[in-house]
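The chain below stands alone, shown as structure tokens; this is the form predicted on its own.
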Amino acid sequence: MTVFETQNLTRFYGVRCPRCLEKTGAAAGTNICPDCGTVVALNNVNLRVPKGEILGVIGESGSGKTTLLRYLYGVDFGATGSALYRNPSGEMIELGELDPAQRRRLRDREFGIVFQNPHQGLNFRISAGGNIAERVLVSGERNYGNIRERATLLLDRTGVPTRRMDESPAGFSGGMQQRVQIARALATEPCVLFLDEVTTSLDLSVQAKILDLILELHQRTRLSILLVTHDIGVARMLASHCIVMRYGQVVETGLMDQILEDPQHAYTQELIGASL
């Protein structure tokens, strides 16, 4: 069973012309159409995110992986093709048919996200506990004691000292800010967690702790996770399934172990070779 399925998902930025798809992609070595200058951020992307599993989306800058995440998360519009989301009741929803308010409800109640830059995912004008409370309020909870108890539980679960819950995350280390982001993302018990380069700006020792935390949370909750990363080592540690993207196209897909052991595409081979 899948939680997301896309078919021929394509996203243009620009005027586009009849030859945009033909003249861009991995074989062409560019995602910019030489005829009209349109950026083809996604070029007929097909994928499945297995329910309860972690799908790694790997690629360098400009590969289209972040555009894919933004579209599925519901903050980017205008793609063609199909993108289906399976909600908790099992109904398949076409994301392209939702209006902005419907997408916002999905983000508020069924999705969670952790950004590379904590300034995108946290409100630094309020406390760490307040950041979680903002999300808990979306679920309809209004009792102060219950909200504070939920915030305490999530901070403790993600390794943030609960004695610091009334402090602003502005005074936290980068790794601790990421932990608060993860706690905030989990506040509404989402069905899907989106991770956008969550360890890129962290020291190696801190990266390892954050990755261990994500693995532990996944084993406990069986969340469906879409992991976007340029680092195949991060995907190796977390993901059970993987797609590799280049210039807006998926060039390889399969089980993570299978891709690591027997990469078929030259670009995937380069990525794996560089990580060894």
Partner chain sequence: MTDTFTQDASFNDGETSEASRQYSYGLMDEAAKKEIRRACLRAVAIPGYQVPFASREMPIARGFGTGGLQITLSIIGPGDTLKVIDQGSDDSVNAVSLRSLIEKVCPGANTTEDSDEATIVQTRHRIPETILGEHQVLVFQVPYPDILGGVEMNEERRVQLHGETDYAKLYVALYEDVVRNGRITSGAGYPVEVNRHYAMTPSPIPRWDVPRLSMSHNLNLFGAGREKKIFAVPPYTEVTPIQFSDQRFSVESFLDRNGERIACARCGSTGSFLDEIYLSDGATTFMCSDTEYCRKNAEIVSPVPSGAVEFRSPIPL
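Computed from a prediction, not measured in an experiment: that's the story for all the values here. Residue numbers count along the first chain shown, from 1.
Omitted from view is the form predicted together with the partner chain, to which the following refers.
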### Query
Residues in which of 191-199, 171-179, 138-146, 82-90 have heavy atoms within 4.5 Å of the partner chain in the predicted bound form?
138-146
### Message
Which residue, M165, I113, L122, A183, is the contact with the partner chain in the predicted bound form, using a 4.5 Å heavy atom cutoff?
### Response
M165
### Task
Let me know the one among A133, L95, V206, L106 whose heavy atoms come within 4.5 Å of the partner chain in the predicted bound form, would you?
A133
### Query
Would I126 count as touching the partner chain in the predicted bound form under a 4.5 Å heavy atom rule?
yes
### Query
Heavy atoms within 4.5 Å of the partner chain in the predicted bound form: does P100 have any?
yes
### Query
Mind listing which residues of 177-212 have a heavy atom within 4.5 Å of the partner chain in the predicted bound form?
none
